[in-house]
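As a starting point, one isolated chain is supplied in structure tokens, in the form predicted on its own.
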């Protein structure tokens, strides 16, 4: 049995739109930061006595449940990819748990499939370098999971199956940023990211977004290299609004933001005018990630928790990538 831990990640420049569903290839590159406190732990045991795969999920604040339907299908499909590489048909017992809300715009699928991939590959005795592991993780259908394999600040390159992989561009200690997640809704979103990745191309704004992506990607990469929070913040806010504008103008439209989302956005902008440098970004969900210098994380947390729309916060610094924590031969 092998156990792996993988982090959620927050994208500064977001992957939105899938041009090849079978290989999970994006329309654009993306750049993210791994989170040190939002984690998924997954164990995989391949057992010849099993007639079918058995998956148990313990989601945040919920009792353990046996996976059925689409969640089970996604795990089985990814196990099949790993079994094909290893040349085996042995079924597996998978147990997975996370310590943050799932399907709420905090990259729970990214953490889950990164942990599943690393644990599964290790349990099968497959030797893979980080690039190959990232590519395999990308194939899970959760493309963002590829960014949870390397450590620290990570860029996922656009390309074909061989060249679309994620790699670290800076370790966690290079720049001590924080992500304070303002949780305004813990409910699972009604429309998943996967569906909206396919619908994105129906938005008349989709092409406009792609035209500006490379400039924003270059700016965000430069901001990280130069530790320039102002450049990073303004760039990532523009990219987040761009992504959600695509969602809101696709057919049919999808609206992830709610009143709590807007309250946090307005508050962050007001605090910045008052001298507290913090910036927002929002993944596919209503909850808001507030990026700031690590030294400001507790004042940001205090102010967020004072907002009536915020249920609680999750405070993260820059985290390491997926790692093995237990191997039992």
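The structure displayed is predicted, hence computed values, not measured ones. Positions refer to the first chain, counted from 1.
There is another form of this protein, the form predicted together with another copy of the chain, and it is not shown here; the text below is about that form.
- This chain appears without its partner; in the predicted complex, the one residue of 86, 76, 169, 245 with a heavy atom within 4.5 Å of another copy of the chain is 245.
- Proximity to another copy of the chain in the predicted complex, defined as a heavy atom within 4.5 Å, holds among 263, 37, 293, 299 only for 263.
- The closest heavy atom approach of residue 225 to another copy of the chain in the predicted complex falls outside 4.5 Å.
- Though the partner is left out of this view, residue 174 does not reach within 4.5 Å of another copy of the chain in the predicted complex, counting heavy atoms only.
- Another copy of the chain is not drawn, but in the predicted complex it has a heavy atom within 4.5 Å of residue 209.
- Under a 4.5 angstroms non-hydrogen atom cutoff, another copy of the chain in the predicted complex has residue 241 among its neighbouring residues.
- By the 4.5 Å heavy atom rule, the three marked residues 249, 253 and 269 all count as contacting another copy of the chain in the predicted complex.
- Annotated contact segment (heavy atom within 4.5 Å of another copy of the chain in the predicted complex): 201-209, selected among 102-110, 154-162, 138-146, 201-209.
- Taking a 4.5 Å heavy atom cutoff to another copy of the chain in the predicted complex, none of the residues in 217-232 make contact.
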